[in-house]
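In the block that follows, a single chain appears as structure tokens, in the form predicted alone.
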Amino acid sequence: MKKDIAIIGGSAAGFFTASLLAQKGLPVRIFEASDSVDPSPRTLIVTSHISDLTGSLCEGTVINKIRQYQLFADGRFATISLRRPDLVIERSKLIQRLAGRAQASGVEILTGRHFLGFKPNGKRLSFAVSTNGDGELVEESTDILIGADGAFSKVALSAGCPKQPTVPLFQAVVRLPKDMPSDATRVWFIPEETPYFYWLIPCSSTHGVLGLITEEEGRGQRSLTRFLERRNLIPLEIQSARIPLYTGEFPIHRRIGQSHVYLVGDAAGHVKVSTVGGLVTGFRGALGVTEAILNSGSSREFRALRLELSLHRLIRKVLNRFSQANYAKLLGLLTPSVKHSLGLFSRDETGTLLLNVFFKEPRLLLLGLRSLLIGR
């Protein structure tokens, strides 16, 4: 007898998971709180690895291709050219395409359904949803429940998972500076203002998004405003979000009675904390969940993803201790052979990338170790 699947949340990872499971012949339903699949727009930059995972699905969602990174730190400048371009994607379009593929695969999408909680019911799980409009309470049941409902997942809360740490993201749509190529992303390292970085990502030949991640919401808004003023850029639109941080300790699977609860995407904290990118890793988490369901809990993809995310966590731990002088020294150590490796391997191939970079320039490893041990 086939086990049926209920997925809470019409997120990118949720729809991708639904398609994978439905294509294996499993009955899948998605419960989405909004009245329609119409997410708010947000510009994302991802590696070309997303095309390896989704095939032609991204067609129509890519609004620009990035072939070069321009890095700035304390007067120093470095350029990295990419072998395979990064893709600038409109998130809302991608989610709508994912929803369409899920529906075509046989997934039932139920909108206007707010998840309230679950409880074991014999061999199955019972969960309650309220409907939009009249607020009617409906009880559903399933063999396997998957939480794809974001960083503040109600499914995770119901399963007894701890609250995830999150950081605020702010970015403004701006007109590109006249001297900026539309296929280059600019990155500024200013650790006194953000432990992460500022970015300016072109989303067309005339416009881009300038943003940052901070650890404090109020400070992030002020820092973005000041940086825009320093660059003489006028914000045309503001986009924001809360991004979960991968800790390595957050559970992605719980057994409840004789049933199973899984988490995927932001609900599972599958985000690269070095750059807070979570789309590719969220899709890899979807592959892991699918493997685990089909193989009685076993998943090679989960093990590989944990290693990848742990490496990004180590990188972030090092960079959080970098000073402005450290970043200037880092850019100074980017020799032509190091730049070649950085352009050859993507940030979704971290292990291979680090091995190549450290082999070609051992002083980069020493700089990281020194910062980790001594700090700023």
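Keep in mind the model is a prediction, meaning the values are calculated, not measured. The first residue of the sequence shown is number 1, and the count goes up from there.
Here the subject shifts to the form predicted together with a small molecule, a form of this protein not shown in this document.
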Q) What is the one choice in G211, G278, G288, G208 with a heavy atom within 4.5 Å of the small molecule in the predicted complex? A) G278
Q: Answer with one of R219, R76, H114, R306: the residue that has a non-hydrogen atom within 4.5 Å of the small molecule in the predicted complex.
A: H114
Q: Check whether Q171 has any heavy atom within 4.5 Å of a heavy atom of the small molecule in the predicted complex, and answer yes or no.
A: yes
Q.
Even though the partner isn't displayed, in the predicted complex is G150 close enough to the small molecule, meaning a heavy atom within 4.5 Å?
A. yes
Q. If you check in the predicted complex, is S19 within 4.5 Å of the small molecule, heavy atoms only?
A. no
Q | R42, heavy atom within 4.5 angstroms of the small molecule in the predicted complex | A | yes
Q) Which among 66-74, 317-325, 53-61, 25-33 is in contact with the small molecule in the predicted complex, heavy atoms within 4.5 angstroms? A) 25-33
